[in-house]
Every structure is written in C-alpha cells, then in structure tokens.
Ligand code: UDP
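First comes one chain, alone, set out as structure tokens in the form predicted on its own.
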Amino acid sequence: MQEIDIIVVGAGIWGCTVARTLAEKGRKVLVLERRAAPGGNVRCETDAESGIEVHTYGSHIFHTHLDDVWEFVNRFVTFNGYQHKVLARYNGKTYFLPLGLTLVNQFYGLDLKPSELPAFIAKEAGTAHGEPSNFEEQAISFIGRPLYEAFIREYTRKQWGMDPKNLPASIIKRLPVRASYDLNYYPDYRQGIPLTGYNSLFERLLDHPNIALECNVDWLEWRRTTNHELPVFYSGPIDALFGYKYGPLPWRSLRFETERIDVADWQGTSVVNYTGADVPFTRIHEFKHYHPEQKDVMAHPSTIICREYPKTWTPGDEPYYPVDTPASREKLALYQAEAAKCPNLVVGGRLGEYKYYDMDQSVGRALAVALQFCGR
C-alpha cells in the first residue's frame, strides 16, 4: 500500500477497530504503534513451556451487552464462553464477589433469602444525612460500614493511591448489590476469551489490504519529521499529545510481578482480590483459568501467577487508569479544547478520552466515530 488517506495512532482495541472500519470503507490507513506489536494493553504472550496465555498487562475479559459490538468482534475470533468470577481475600478468609447473597450470608453468618437482602442492606447502611459528597459516604450509603471497611476501603486506597474520602461519589455509583446467588462478576451474558488468543484478534483486525502497520514508531517523534495534512485518529494519552502544556493529567499506573509455580493449580480461579491493607498488591491473576477448554494446559504441572501493584504514574510509566476528580476534569477540558482546534484530529480510546472504558465500550465508540467520519 503506497497511498495513505488516514493515520491511526495506536494499535490497541480502539485504534485497530477504527483502522478496520475505515479500511472496509475504502480508506488507505497507516497504523503507527509505539510498541513492538499491536494489541495495546490487551497484548498477551504464550508461555513456551506450559502453553499458558499470559496477559502481559493484567487480565482482560471481553464482555458486552451491545449487539453491534458482539457481532463485529465475532467476525474475527470465536470466544470460549468463559464466565468471569472473582474471589476476595479478607482477614484470612475467601469470599465470592460481587456483593450479593453469597458474600453477605458468609460475612455475617446469616441465611438471608433474596427478598430479605434489600431490607438488611438498608438497615446496615442507615439513614444518610444529606447527599453523599465523596466515595466513602456513597459506598456506606449503599452497603453499610462493615462491608465497606472489609471489601472496599483499603482496596480502593491501594488502587487509587488516596483516601476514599477524597474521591468523587460517582466512582462507586455502579457498585452492584445483587439479591441473588449469581456469582458472575459481570452481568453481561456475552463473555469470553478468544479461543485462539487475544493476539489473533488484533492480527485479524489489521489483516486488510488497505491497512499498513508500522511498529516501534513514536508518533510524537514521527510527526516532527513528517509533513502531512492527513486526518489522524489518535488513541494515546491526550496530555502527551499536547506536550503536557497544562501539566500531566493524574493517571494510575501498574507494576506486575510474574511468577512460575510448580503446581498445576495455585489459587483455583483466575483472579483473587486482596482487600486488606496488610497486603501491598490489589490482586493475583492465574492465567490458565481463562482457557478451561485447553485441557493439556490446565493439566500442566506448572502455572503462572501475577501480582498486580498499583502505583502513581510518573513520566516514563504506562498510564492505565484516569483519576476522575474535579481538578482532573478541569485540566482535561483544557486539553479537549486544544484538540477541538485541530480540524483533522480525532482523539479517542481510554487514554485519549481519559475515560475508564471496558473493551466493548472502546470498540463501540471506535465503530461510531469511524462510521461517522465515512458518513456511514
């Protein structure tokens, strides 16, 4: 492909979806990726000894209720139907998340029925005095102080690096409390991991004659040496795009500590959260559990686990999570105003929009923006 109509910066799930959609509309697309391979933070590596698909940047489970998104991704890969369940370790015991009958009955030593749970939770939460003004007040008004202190307070403090009292109430408003024994972490019935691995999804998305991929290319350096007036779809950090002229946005980064253990099954599930302050990491991943259909991998006498440590982002770190506060929203608005001044620029994805999107949300937004650009 010699001619180029459009540049897509970043080969994560947003960028690859944009590129594929534009290519199918007849546009010639150049995808520039800073890393050595496409996939963004969903990139995986297969362990040569055990065959385990290791999620390099933390666990990713595809789940959605969006029909168009599910139809789109299933054009490229088939999912194995894995249903995500999360356990939590607190005070030497293991509990099932999310908050529902299983956890509440075990934690309180009760035998509540579904019809009895709402009244019990309301009693534990007590009567709120005014509208909750921060994360902690909102959480306690939802589930009461004992459950909040056991499963949310210290985990949140580790995850976001600040006192929950200093986080906005909006972060916790999606917290599900289920009056059932449903142990599925996500309510979406469409869930799974690609049977052929996540890397195959990105390879197939980019496998089109109208798409060219160049890796190990830093867009911010590339544009300084290349003159062009082409439209650009950018999915990197929006503050980096403008040279941090208003200062860096607050991000949370992660550090991963991976270990091979010579047992076939170390923790019995894919993810266990550690909610107490006595443990410095937030969770442990055991990757082989994402592919229960791979019987030889499941039976292999070794396993791979990964401890996940949140950390404050500093220049040079990978940004993972936007920190939503009034101050960060004000700074984000300044960068969005800069982007609006650029007529050939579209900024998207989790990093570009500074939004905590799930994968299906990123795909949905990518489809929408690419189709809008092409006039459908």
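Everything numeric in this text was worked out from a predicted model, so none of it was measured. The first residue of the sequence shown is number 1, and the count goes up from there.
Missing here is the form predicted together with this ligand; even so, the following discussion is about that form.
Colleague: Look at the candidate spot formed by S50, Y82 and W266 and say whether this ligand comes within 4.5 Å of a heavy atom in all three of them in the predicted complex.
Modeller: No, none of the three is in contact.
Colleague: Just to be sure I understand the contacts: of M162, A125, M298, L97, which is the one whose heavy atoms reach within 4.5 angstroms of this ligand in the predicted complex?
Modeller: The residue in contact is L97.
Colleague: Quick check on this chain: which one of L220, L175, L195, L230 has a heavy atom within 4.5 Å of this ligand in the predicted complex?
Modeller: The residue in contact is L175.
Colleague: Can you work out whether Y234 and this ligand are in contact in the predicted complex, taking contact to mean some heavy atom pair no more than 4.5 Å apart?
Modeller: No, no contact at 4.5 Å.
Colleague: Check whether N134 has any heavy atom within 4.5 Å of a heavy atom of this ligand in the predicted complex, and answer yes or no.
Modeller: No, N134 is distant from the partner.
Colleague: Can you check whether F142 is within 4.5 Å of this ligand in the predicted complex, heavy atom basis?
Modeller: Flag for F142 set to no.
Colleague: Using the partner position in the predicted complex, report whether T303 sits within 4.5 Å of this ligand, counting heavy atoms only.
Modeller: Output for T303 is no: heavy atoms all beyond 4.5 Å of this ligand.
Colleague: Any idea which of 205-213, 269-277, 241-249, 286-294 reaches within 4.5 Å of this ligand in the predicted complex, heavy atoms considered?
Modeller: Heavy-atom contact with the partner occurs in 269-277.
Colleague: Can you name the residues of 138-156 that have a non-hydrogen atom within 4.5 angstroms of this ligand in the predicted complex?
Modeller: Stretch hits, in order: F151, I152, Y155, T156.
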